[in-house]
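A single chain comes next, written as structure tokens; it is the form predicted alone.
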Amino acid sequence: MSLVFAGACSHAPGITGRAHRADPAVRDRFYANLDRMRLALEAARPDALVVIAAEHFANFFMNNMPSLCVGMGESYEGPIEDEEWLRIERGRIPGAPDLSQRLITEMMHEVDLAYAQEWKFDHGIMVPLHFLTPQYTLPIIPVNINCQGPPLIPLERCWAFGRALRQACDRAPERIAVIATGGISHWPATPDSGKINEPWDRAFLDKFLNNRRAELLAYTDEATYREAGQGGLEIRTFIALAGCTEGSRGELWFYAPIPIFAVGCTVAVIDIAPLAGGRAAAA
């Protein structure tokens, strides 16, 4: 089995940029569980880490907005934001171009993908990497799901992408880790920034961690926007990971609303079960 680790975590810029303003007790528990995830990731000994994220008009804008894009670069630079604002120093992160090309080629049998050899990481990827691979020694394959500019990719296609990614990983000889990173409920860059719908978050996480496909795909963008803000549309990254780990169950290591971070902060890991069927079953 080539998929050796799967997990999910939050990526809001306040997690690093406003750390000094958070309740220390809650913040430190959150950080401790991110460090726990780092240790679990290291113990899995992956050759590469796929990061399924939602970027924020840093590389893709309405003149060219792919629904799904996979990085195929030799290396990447980040963060694209101001270093002092995000409190993460700019650096160069290694890619895995050969593995990425093989995964893309395999996934194209099931889903349509864009790919990019140039990519500057924003906080959506850099905040998780800051905690999970702080020395930037693990090769990264970035994935962007458009969660910003409608029309957005349907949730069932996010699941299909995740399942195609899993099939591609399982056909590769490398040991591959996958994390999803996103919201959940949040209202970034609005007067409601800092608002968090904890009951909605916990209900979503229960469906996600128990891999209840039908319930996950039953969410509508209209209801999500109303109950979880425009940031809640980033559930697409979690749903892609659920498709990648179809039939598996997860464990919630940490969840707490941290208003100064403007998001309910999540750390979760998935116990990886074998994926049933193959291409015929996915179709």
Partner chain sequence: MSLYHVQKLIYQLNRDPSVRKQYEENFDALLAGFELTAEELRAIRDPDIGLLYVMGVNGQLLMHYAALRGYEWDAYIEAMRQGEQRYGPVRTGLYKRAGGSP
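None of the values given here were measured: they were computed from a predicted structure. Positions refer to the first chain, counted from 1.
Beyond the structure shown, there is the form predicted in complex with the partner chain, which is absent from this document and is the topic of what follows.
Screening 133-141, 182-190, 105-113, 155-163 for residues having heavy atoms within 4.5 Å of the partner chain in the model of the complex returns a single hit, 182-190. Although the partner is absent here, Gln148 sits close enough that one of its heavy atoms falls within 4.5 Å of the partner chain in the model of the complex. In the model of the complex, the partner chain lies farther than 4.5 Å from every heavy atom of Arg29. Contact check for Ile80: a heavy atom falls within 4.5 Å of the partner chain in the model of the complex. Although the partner is absent here, Ser67 lies well away from the partner chain in the model of the complex, with no heavy atom inside 4.5 Å.
Site residues Ala58, Met62 and Gln230 are all in contact with the partner chain in the model of the complex, judged by any heavy atom within 4.5 Å. If you take 103-130 and check each residue for a heavy atom within 4.5 Å of the partner chain in the model of the complex, you get Lys120, His123, in sequence order.
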